[in-house]
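In structure tokens, the next block holds one chain alone, the form predicted alone.
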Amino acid sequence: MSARKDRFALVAHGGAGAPGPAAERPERRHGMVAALRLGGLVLRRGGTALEAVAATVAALEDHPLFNAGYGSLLNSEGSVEMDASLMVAEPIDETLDADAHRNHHHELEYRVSAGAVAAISRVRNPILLAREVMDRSPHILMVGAGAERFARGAGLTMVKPDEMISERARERWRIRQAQRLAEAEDADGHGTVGAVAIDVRGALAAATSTGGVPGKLYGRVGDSAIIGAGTFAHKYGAASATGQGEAIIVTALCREATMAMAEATPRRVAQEAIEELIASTSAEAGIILVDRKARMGYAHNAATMQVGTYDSVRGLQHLWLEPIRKRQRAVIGVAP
């Protein structure tokens, strides 16, 4: 069953992690709200879910306080290595509207597509390159210099690697190199940005982008570039994750959560997905979800997680989420 024809929904996250400096919270909120407005405007004007998540994530990549794009934190060698991916599930049968599908108990069939990039340093907006990989190549995942060469051919904005390093990220790296790790980790708190959406046609999309774990080894790739781990979309819904990438990869977090929405609400699925990740890996992560009925859900088990929503019923909302703890059954999320 699809969303009502006049319904759309967008959810975005700014990473799950430590709280970070209190002084940065107002600007982080402003950045999230601005990104949601861009993506929400796309949906309000009849644009696609894919366009909405790409616009939302690209805006977060351009903001220096989010660990993606220009705000990316530095690896162990003091350089930026960025990962990103997106995926879309589009209805194949568009001859019947959503009400007709409900009345005739007709199950929509979907076509899925995906694109991803990893370990890139010269592209201003990695999520836009991931989309080019999906749209203009026969591949799903491209990495490093080959991906950057492809970006030049696609006409994307290219920069010198040093131009992707914000002064904030450089200072965090200096602190880490000086062995003040506790201070650095607290300041670095947040990692990864992402968005999920459904449009009025019933198409579902997800997008995720990151600068990776601060101080990561050169060449490390996390979940944000892996379809099924950090990003996934299917006929049941769409998901984007944030947190400890290795744990998200081994649990196939986003794929498992998306498929679970066949039988449960996004709100319930988000909570159970994080609880299961805690049980199997003891790692920290967060997830945002939207299903084909335009219902939304989100949960995490880190110190905090920034989430924003925009839908055709309630407009724009911004939240700093409280975490789920091990064996805690408190409900987290919304299901309009």
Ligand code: ASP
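Residue numbers run from 1 along the displayed sequence. Just so we're clear, the structure is a prediction, and the values are computed from it rather than from any experiment.
Same protein, other form: the form predicted in complex with aspartic acid (ASP), not shown, and the subject of what follows.
For the options 255, 220, 201, 168, the residue carrying a heavy atom within 4.5 angstroms of aspartic acid (ASP) in the predicted bound form is 220. Although the partner is absent here, residue 244 is a contact residue: one of its heavy atoms lies within 4.5 angstroms of aspartic acid (ASP) in the predicted bound form. For the chain shown alone, residue 237 is not a contact residue for aspartic acid (ASP) in the predicted bound form, no non-hydrogen atom being within 4.5 angstroms.
In the predicted bound form, aspartic acid (ASP) stays beyond 4.5 Å of every heavy atom belonging to residue 231.
Proximity of residue 108 to aspartic acid (ASP) in the predicted bound form falls outside the 4.5 Å heavy atom cutoff. Checking 223 to 231, 145 to 153, 117 to 125, 260 to 268 against aspartic acid (ASP) in the predicted bound form, the stretch whose residues place heavy atoms within 4.5 Å of it is 223 to 231. Taking aspartic acid (ASP) as it sits in the predicted bound form, the stretch 194 to 214 comes within 4.5 angstroms of it through a non-hydrogen atom at 210, 212, 213.
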